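This document opens with one chain alone, in structure tokens, the form predicted on its own.
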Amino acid sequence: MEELSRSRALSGNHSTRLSRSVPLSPPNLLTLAVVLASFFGGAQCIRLANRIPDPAAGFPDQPSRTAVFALGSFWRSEAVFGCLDGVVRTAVGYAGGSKPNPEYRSLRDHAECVQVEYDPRLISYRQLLDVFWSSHDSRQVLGQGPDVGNQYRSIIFTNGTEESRLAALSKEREQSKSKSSVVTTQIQHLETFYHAEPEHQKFELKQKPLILQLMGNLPEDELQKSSLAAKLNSFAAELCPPHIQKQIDAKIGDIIRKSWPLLRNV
């Protein structure tokens, strides 16, 4: 495994910078927190000093499901899914190997992967598969871009016969797009998903201390369970849909220019 500074493998703009670096005064920090919270749905929680429970932590009435994919470096793979409508939360980890309790520095035959919890009423497994295929090079052998190794291989992990069927059909469609090379993606029944160490969870978001501050510097366990953190992790990686990226940037810029008194319609 490479150091934490290893290069990203997936396509797209790999920059994770915020588009503005204007210093924010305390009123503007509070305003930005409220606006970001309203943007992602008022029930989501960006918190400052007071600790307000995140309603996304439970979802007792929502029949959420989980899907697990391996598509290269799990730092960016997690960000690929976090901003999708219907995704509840994300986590990175290890699967596909035989070693019990793998660790980042000792994976053996496991692959880096992302676990996606989703609401099937809002997004389907087929749609997640479409995102999986479009977000990496499934024809590259044992790696993605400069990240080369068995831990970066492409895998769809399934939880049952229906997922296996849909995964196989999607692989056939992907292969039919070109006969000049072979799709290397494996389809495996998921045995165990091992959560990765805390420093790897929401990696892109953790490169943005300001956003973490606006969220109230959540404890690690709360950060991992937060739906808002999953979305902001994608935003930090510039992997939200372009119109959402632009909307968030515009809101931030407007707050910086106009300040607290003009916050009227959240």
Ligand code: MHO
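Keep in mind the model is a prediction, meaning the values are calculated, not measured. The first residue of the sequence shown is number 1, and the count goes up from there.
Below: the form predicted in complex with this ligand, not depicted.
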Just one of 123-131, 161-169, 178-186, 147-155 has residues with a heavy atom within 4.5 Å of this ligand in the model of the complex, so point it out.
-> 147-155
For residue 74, is any heavy atom within 4.5 Å of this ligand in the model of the complex, or not?
-> yes
Is residue 78 one of the residues lying within 4.5 Å of this ligand in the model of the complex, judged by heavy atom distances?
-> no
4.5 angstroms heavy atom contact with this ligand in the model of the complex for residue 104 | yes
Those residues of 107-139 which, in the model of the complex, come within 4.5 Å of this ligand by heavy atom = 112
